[in-house]
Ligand code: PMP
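Let's start with one chain on its own, the form predicted alone, as structure tokens.
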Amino acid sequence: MTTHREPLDSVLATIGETPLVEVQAAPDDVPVYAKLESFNPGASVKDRIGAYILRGLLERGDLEPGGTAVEPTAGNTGIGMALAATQLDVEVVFVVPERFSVEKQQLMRALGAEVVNTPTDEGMEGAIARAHEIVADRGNAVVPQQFSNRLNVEAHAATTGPEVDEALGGEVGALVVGCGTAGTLMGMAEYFLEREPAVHVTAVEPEGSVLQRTLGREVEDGEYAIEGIGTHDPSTNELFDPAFVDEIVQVSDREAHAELVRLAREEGHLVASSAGAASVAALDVAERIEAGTLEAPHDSVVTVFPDSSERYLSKGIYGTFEEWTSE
């Protein structure tokens, strides 16, 4: 977490330097470390790209001061961008599918953002289309488009990767990260693979997501309750490059839910479903390294817990699996 000893001039100065904490359920000989991104001021990993992307757009002249960023988002990116916009002379509009967290939408509005909802059955593809329609009707407006903007990847190559590297003295054996936009995964993978090409990289998606099709595998498209990762159309995940990953693993809703409950009760981590899925996959990778069935340059695994469970309480995240998935 941030350890500043002097007053700061802006909340943006508190982004990053989040804790890296050992997951206690990992094998003794192969520790798993989770980056706790809820310690960011907007309480998620997306604070990193919110500030980085808006600053980048302004610096490149893609957006003029006083202009409007219109972003399709499930919520956390909206919060991160809205938080940054309060300090960067930018207006923000977010296009959010209806089914996503009410808490996130309330926080975006609290930060001064306009929120536009689109039908759930249109998914993120519908939200993206609507964002471009809004920009077409406004002057000095742009769609930052986290799903295709390289600034998303650069943010994690510049901040998240180096923070982990410093904390572990460069001894990272495997990287296991949930894949939504793929920005976190790709940025961290690029950073570590440049320094150690043997680092094992695992992308995590829910069962029902079809990212594995990028590796030429046939997987069934289906609904899933895990939020923030996964895709029904890999063509929209433009940042994802399969050349940077060794495998894509799927985690079921039931596995992710059981793990997020376990993490809270046994380890004190109040994290959401994407973190539950990441933890399941990371522990599996650690067990394979310990068993000698997976080669890695170091006996350590790094993952990311993207946000807090508090944003999903209205969806029954700590109820039974049936209660959670029925919301």
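Heads up: residue numbers just count along the shown sequence, starting at 1. Quick caveat, the model's predicted, so the values are computed rather than measured.
The same protein has a further form, the form predicted in complex with this ligand, not shown here; the description that follows concerns it.
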inquiry  = Can you work out whether E205 and this ligand are in contact in the model of the complex, taking contact to mean some heavy atom pair no more than 4.5 Å apart?
reply    = no
query = Looking in the model of the complex, any heavy atom of S274 within 4.5 Å of this ligand?
reply = yes
query = Is M81 one of the residues lying within 4.5 Å of this ligand in the model of the complex, judged by heavy atom distances?
reply = no
inquiry  = So, C179 and this ligand: in the model of the complex, are they within 4.5 Å at any heavy atom pair?
reply    = yes
Interface stretch in the model of the complex with this ligand - options 226 to 234, 248 to 256, 164 to 172, 86 to 94, non-hydrogen atom within 4.5 Å = 226 to 234
ask   = Which residue among S101, N149, S209, T184 has a heavy atom within 4.5 angstroms of this ligand in the model of the complex?
value = T184
task = Report yes if all three of T18, F39 and H269 come within 4.5 Å of this ligand in the model of the complex by some heavy atom, otherwise no.
result = no
message = Do any residues of 75 to 97 have a non-hydrogen atom within 4.5 angstroms of this ligand in the model of the complex? If so, which ones, in sequence order?
response = N76
